[in-house]
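A lone chain, given as structure tokens: the form predicted alone.
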Amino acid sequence: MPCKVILSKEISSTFREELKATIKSRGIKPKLVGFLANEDPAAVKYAESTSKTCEETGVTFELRKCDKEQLEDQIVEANEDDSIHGIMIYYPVFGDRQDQYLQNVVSASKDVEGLCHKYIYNMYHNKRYLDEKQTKKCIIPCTPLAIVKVLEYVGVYNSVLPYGDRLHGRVITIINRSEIVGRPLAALLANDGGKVYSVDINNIQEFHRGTGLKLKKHEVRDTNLKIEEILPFSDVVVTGVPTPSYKVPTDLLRDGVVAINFSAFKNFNDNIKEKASIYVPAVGKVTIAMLERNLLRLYDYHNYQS
């Protein structure tokens, strides 16, 4: 069949081998602590995958299960523990704005998920470095970063164009506007030059940097568009709807679309292969590789501060 199905294992393998080699050659033991304060099956599965991958790569991983009412105190304690280099939380915990509060309880120096205010602010403002000398890159949220790496791998990014503009001319639809993945991803892709349609249950927003990429950072505008109007001319469709019943209508997709699913459920019908040129059914392994990559970066920032 003309559709190429690409598994996340294939994309993540290079990153994982590079991380493994770096950790071994330098003789270091970066430590990651994950907090699990829910019984969400997707979160439990993610924690198990994180543990397995870290063991293979050489990262010390410790899963700490706790009641959600105790979580804040445990995060603060981990912030102050110099033996811990990275902290992550398996969301949702409370499933509301209190989760956003918890994201900011994690110290920026240990925030492997890139969800604290400092990193989110820099990402939305297209600020890519933490220092003026541009020696320390900002930490980017793991799943959005993983999807960027997937898009680079499959050739959606145009390497002929300057860094930061390589999605110029691409139209991308993201069906998810969560604060953890969907909205940050829309901002990242728009900052890289794409015209991004961000879809949620209420409306569709357009993220872009203007005609000819005149803007230094993306802007957002509300639209009156319907999903039936944007899917037929979208080069890429990325889905993350957390329900087994949602399916993207295959007949609305343009021929040759790049289809990427990051939901725990299949958001595309089985006949997606009849329309798509490339189909990536999951990104989980790439997400964990980016998590470890962020951990190693924070380890270096902590140990080799200039």
Ligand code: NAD
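Note that the structure is predicted; figures quoted are calculated from it, not measured. Residue positions are given as counts along the sequence shown, with the first one as 1.
The same protein also exists as the form predicted together with the ligand; that form is not shown, yet it is the one meant from here on.
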Heavy atom of Thr173 within 4.5 Å of the ligand in the predicted complex: no
4.5 Å heavy atom contact, Ser263 and the ligand in the predicted complex: yes
Proximity of Ser109 to the ligand in the predicted complex, heavy atoms at 4.5 Å: no
Contact of Val160 with the ligand in the predicted complex (heavy atom, 4.5 Å): no
Option touching the ligand, based on a heavy atom within 4.5 Å in the predicted complex, out of Val241, Val33, Ile272, Cys54: Val241
Heavy atom within 4.5 Å of the ligand in the predicted complex - the one residue of Ser178, Asn79, Asn126, Gln98 that qualifies: Ser178
Interface stretch in the predicted complex with the ligand - options 57-65, 272-280, 23-31, 255-263, non-hydrogen atom within 4.5 Å: 255-263
Stretch 201-215: residues contacting the ligand in the predicted complex, 4.5 Å heavy atom cut-off: Ile201
